[in-house]
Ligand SMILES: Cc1cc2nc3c(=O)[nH]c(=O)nc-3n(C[C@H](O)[C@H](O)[C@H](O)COP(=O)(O)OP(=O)(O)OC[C@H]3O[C@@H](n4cnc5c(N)ncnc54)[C@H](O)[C@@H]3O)c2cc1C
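Next up: a single chain in structure tokens, the form predicted on its own.
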């Protein structure tokens, strides 16, 4: 333990970033309290992908066994066109056989993190008023997409609608063993699906539309409207969508990466600092990386403002790059006309002639080890 021993810290928000930060801080000796506005730790059913950069933090916190027991290994990402014809297979594990790509139900991950936080001595207070930022002491703002902590540091900001809406759904799936993420691309829309374990399959279906006002992803969606919107996609998709009984629909709004992440007393982690579109599967993982780094910086440096300034300097360039890459994928998945034909043909050729080329473009993302960033 270093400079965190005995330090009192308040974490606002008990999502992935807040719970991971609380664990990382408490394991280094801090006295941590989490303030969560919800009356219970309940998550809408959805899946999350954990890539090796995030799993390295999970392992460093001693949570690897618990998370692996609640998740499935992921073998690859397979891209298909709307007629379910293979376009390219991205076998990320082939470049790094020992690396751990996993998928997990978000609720199961929250359960693992909450249990570990309690074991580390973290105090969790549920049902706390939104926006109740303590007037003194060190504060970690992990209050998500609509962060009032971010607003306190950066002022009021107006996000803009990307022209995309998305459905989330979970359906029964009796499959066993490792899973593969399948991504089906069609003009103006795409659908990604993978098994989660526990007899479940995750579905995220994104389409372009302009008639949308509300941000957020907890709104009920019409399963029949989902089926109609993606009726042109073949393969396994119609069978999956036929089994959807409950769906949630949300509009995708783009928020800029925060200009100010910290003010010497308050620091932002996760979506509060850098909301991202869900097209690179790194939202939760970025929050996990942030949590480790902010704890390490605070433990290594006695002066809190200096530690928090270092945290932002370490994390901001990487998070900006990830957010930009996710934005680019949104365009690439929805090509139409001649651009789609040319693009898919090029990917098929790359897959046959240089199968390692596309996965290698993500070395900077997956080979990163946050546990080496700080002492």
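Small disclaimer: the values here were computed from a predicted structure and weren't measured. Positions refer to the first chain, counted from 1.
Same protein, other form: the form predicted in complex with the ligand, not shown, and the subject of what follows.
Q: Among 64 to 72, 312 to 320, 340 to 348, 48 to 56, which stretch sits within 4.5 Å of the ligand in the predicted bound form, heavy atoms only?
A: Selected stretch: 48 to 56.
Q: Considering the ligand in the predicted bound form, which of 174, 97, 177, 129 comes within 4.5 Å of it through any heavy atom?
A: After the contact test, the surviving option is 129.
Q: Using a 4.5 Å heavy atom cut-off, which residue among 296, 221, 197, 284 comes into contact with the ligand in the predicted bound form?
A: By the 4.5 Å heavy-atom cutoff, the listed residue in contact is 284.
Q: Within 4.5 Å of the ligand in the predicted bound form - does that hold for a heavy atom of every one of 117, 153 and 258?
A: No, the whole trio is out of contact, none within 4.5 Å by any heavy atom.
Q: Test of understanding: in the predicted bound form, would residue 106 fall inside 4.5 Å of the ligand by heavy atoms?
A: Residue 106: contacts the ligand in the predicted bound form.
Q: Given that the partner is absent here, does residue 26 sit within 4.5 Å of the ligand in the predicted bound form, heavy atoms only?
A: Residue 26: no, not in contact with the ligand in the predicted bound form.
Q: Whether residue 21 contacts the ligand in the predicted bound form should be assessed with a 4.5 Å heavy atom distance threshold; does it?
A: Answer no; every heavy atom of residue 21 is more than 4.5 Å from the ligand in the predicted bound form.
Q: With a 4.5 Å heavy atom cut-off, would you call residue 291 a contact of the ligand in the predicted bound form?
A: Outside the cut-off, so no.
Q: Judged by heavy atom distances of 4.5 Å or less, which residues of 161 to 177 approach the ligand in the predicted bound form?
A: If the 4.5 Å heavy-atom criterion is applied to the ligand in the predicted bound form, 161 to 177 yields 166, 168.
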